[in-house]
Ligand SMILES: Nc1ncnc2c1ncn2[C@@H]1O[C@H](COP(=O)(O)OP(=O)(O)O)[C@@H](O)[C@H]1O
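First comes one chain, alone, set out as structure tokens in the form predicted on its own.
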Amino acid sequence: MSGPLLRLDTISKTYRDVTAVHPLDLEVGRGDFLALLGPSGCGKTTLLRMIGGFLPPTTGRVEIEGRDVTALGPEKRNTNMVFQGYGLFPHMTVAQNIGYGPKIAGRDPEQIDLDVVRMLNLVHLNAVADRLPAALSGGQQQRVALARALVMRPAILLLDEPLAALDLKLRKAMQDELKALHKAIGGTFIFVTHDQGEAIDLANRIVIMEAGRIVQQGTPEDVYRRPASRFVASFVGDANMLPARRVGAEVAIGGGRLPAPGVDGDVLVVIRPDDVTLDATCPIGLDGTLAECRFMGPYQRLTVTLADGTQVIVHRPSGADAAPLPGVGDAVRLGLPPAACSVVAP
């Protein structure tokens, strides 16, 4: 089928005098792993629940596979949701939890058995198929919840911060599991997160929300390297934001000029710490003093103070072949590669 798998047309959600999601449009293609990213209260979970049919929109339409499903409940949409709390049936075994949905849907018992075995293999839970949820680890419970949703063969799998309750090590492992599952089934995943690192690692497209609106969308590299606003620059990773002024569609900074179409006036030049160099030959250079050097494992975090008091963060690899650093208090010259700089409103 041509066209997007999911289309949202001017969809919004208002609670009395509070607008949780302002009217917005969004299209999701087949096979996308889309992240809805933003701070708490920005509307991302509300948007996910409207896609899944758990909340009726105040305005707009939800189309899945070219069909208007706006008025349909979750049981009548070709979607399934994995909640943060898993929602497993405590009195059912792993296999029974996975097979419950197909049983209620009236599928053939023999096919259900085959589907359950396939899901157990997919999420590597064959050895615990007869255990109750209380006997499982958090990661295993998460995989049961995923298998229970995937066994229904949804066109779109919706994930509401599914890894938020896991510790850091298990969270990283489950990120790998999710990527492998997405690759194995070739499905379409939409997941909500407030963790920008998780979104960058998992998604092929990121939609960033602020105060109920979409403020930028694109590939992880797009939103990281080319932020559209100060909010995006600060929310997605670390960012240096240097005051400057735009005149005649250009910004002068550090002895160089950046093309910057737009209205003349104050702006911010954004550059990521890993893009700042100590290369004195760079066409854009800033002089400062090394104020601090911190070892962060794979990289060193340098803080350089400019003459006007502005502090610039620099990330440098800390491997054995890394170039020697100047000492704290020494003068340094920072290089800002023009291609790595973005210009946003202050």
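Just count from 1 along the sequence shown to find any residue number. As the structure is a prediction and not an experimental result, all values here were calculated from the model.
As for the form predicted together with the named molecule, it is not shown, yet the points below apply to it.
Using a 4.5 Å heavy atom cut-off, which residue among 29, 283, 317, 39 comes into contact with the named molecule in the predicted bound form?
The residue from 29, 283, 317, 39 that makes the contact is 39.
Name the stretch, out of 42-50, 57-65, 294-302, 274-282, where some heavy atom lies within 4.5 Å of the named molecule in the predicted bound form.
Only one stretch passes the 4.5 Å heavy-atom test: 42-50.
Heavy atom of residue 11 within 4.5 Å of the named molecule in the predicted bound form
Looking in the predicted bound form, residue contacts with the named molecule do not include residue 11, since no heavy atom lies within 4.5 Å.
I'd like to know whether residue 332 contacts the named molecule in the predicted bound form, with contact meaning heavy atoms within 4.5 angstroms.
Because no heavy atom of residue 332 falls inside 4.5 Å of the named molecule in the predicted bound form, the answer is no.
Looking in the predicted bound form, any heavy atom of residue 24 within 4.5 Å of the named molecule?
Answer no; every heavy atom of residue 24 is more than 4.5 Å from the named molecule in the predicted bound form.
For 11-26: residues with a non-hydrogen atom within 4.5 angstroms of the named molecule in the predicted bound form?
The stretch 11-26, when checked against the named molecule in the predicted bound form, contributes 15, 18, 20 at the 4.5 Å heavy-atom cut-off.
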